[in-house]
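Okay, here we've got a single chain as structure tokens, the form predicted on its own, with questions on binding and movement later.
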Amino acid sequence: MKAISPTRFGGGVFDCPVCAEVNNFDPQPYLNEAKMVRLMNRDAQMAVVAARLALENAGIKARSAYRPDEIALFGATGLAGLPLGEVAPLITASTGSNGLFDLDLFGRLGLKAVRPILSFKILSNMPFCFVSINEGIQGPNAIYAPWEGNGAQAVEAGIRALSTGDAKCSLVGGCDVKTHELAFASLQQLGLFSSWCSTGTGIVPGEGAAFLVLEMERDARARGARMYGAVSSFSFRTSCPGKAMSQTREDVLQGLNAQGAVSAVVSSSSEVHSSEIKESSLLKSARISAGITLRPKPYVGDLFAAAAPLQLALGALLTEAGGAQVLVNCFGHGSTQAAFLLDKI
């Protein structure tokens, strides 16, 4: 994937000049009912495809390997958003003569200006609702939003569902589309594009979805599954007012008890050089050294809510390829910061 100027809207009004778009994407072959696609936003379409691919790779189908109620579904989504063109009629009809949003106009005219199915595309829980419908999953479930640490929380929830016996299989993941103008407006308002002004580089908003299938090792072995690696440890911390984010992240790494050498690190740093230096400094403070470091964000963009599942999937591939122990950092915007240790099976 290559970072390019946005092709679906004019990006000149924003400080960030590029994004990482997915081209030639077609969800239809992965839908049990083709008509579902008209109810789905791009986040949901990507989630359904990624979920299907993850389950197929694991050799799992509801009502075959496990009962529908034995499969848990935990996921993370970004802030609800759609391309401006889909919500513009509602905004226009709900704006008063003073240029401000008017609740009375919204009730009388705004809702009538858009198709009723718009609600399916705006609600942040709908991508995982569609995954559940498409795959027949009926087990424990929860949605987290909207940042990288929250995607890590979805993975943690899946692990805990297995360890407590609430589920025998957990499908965990995230989806996020930040390649439309409302997403850009939100990111700029939050100050996430500020480094583009000062250094000429910064985060690259991306779009995508990533899912993992989790099982207890004994169950995976019993059905002859391909096993990429094992989650041996994970650590979470929430930043508090007045506490430096770097200290919160260092506490996360200390909580892993991973002092020493690891085979590889899947980094959460973006292509901003300073962020790579900061993460390297955190590893040094936690007395962790790595054989190799993989930085996916410069190549796929920042997937925010989907970043942690993607980075864990890459970490699992490194573990399967021979890494004795792989550290996956899930550091990003938002208060929740996390990291995982993966061991070779």
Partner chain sequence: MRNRVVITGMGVCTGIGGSIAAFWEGLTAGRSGICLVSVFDASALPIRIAGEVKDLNLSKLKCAFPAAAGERDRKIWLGLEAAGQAVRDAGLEEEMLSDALLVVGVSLETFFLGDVSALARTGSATRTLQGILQAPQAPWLQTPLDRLTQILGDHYRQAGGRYTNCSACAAGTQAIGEGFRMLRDGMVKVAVVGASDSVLNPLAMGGFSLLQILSKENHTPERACRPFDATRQGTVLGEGAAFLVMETLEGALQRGARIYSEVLGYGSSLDAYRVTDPEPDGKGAALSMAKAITDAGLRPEQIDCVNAHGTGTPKNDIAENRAIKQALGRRAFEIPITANKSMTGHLIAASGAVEATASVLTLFENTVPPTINLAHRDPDCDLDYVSEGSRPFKGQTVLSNSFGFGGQNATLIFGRYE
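All figures in this text were calculated on a predicted structure; none of them were measured in a lab. Rigid core here is just the name for the largest C-alpha set that superposes within 1.5 Å across the two forms. Positions refer to the first chain, counted from 1.
Form predicted together with the partner chain: not shown, discussed below.
Heavy atoms within 4.5 Å of the partner chain in the predicted complex are found in exactly one of 252 to 260, 202 to 210, 131 to 139, 223 to 231, that being 131 to 139.
Heavy atoms of E156 reach within 4.5 Å of the partner chain in the predicted complex, making it an interface residue.
In the predicted complex, the partner chain stays beyond 4.5 Å of every heavy atom belonging to I292. In the predicted complex, L53 stays away from the partner chain, with no heavy atom inside 4.5 Å.
Heavy atoms of E181 reach within 4.5 Å of the partner chain in the predicted complex, making it an interface residue. The partner is not shown here, but in the predicted complex the stretch 176 to 211 reaches within 4.5 angstroms of the partner chain through a heavy atom at E181, L182, A185, S186, Q188, Q189, L190.
Once the rigid core is overlaid between the shown form and the other one, N141 does not reach a Cα shift of 2 Å, moving by less than that.
G322: CA moves less than 2 Å between the shown form and the other one after rigid-core fitting. With the core superposed, F25 shows a C-alpha displacement below 2 Å between the shown form and the other one.
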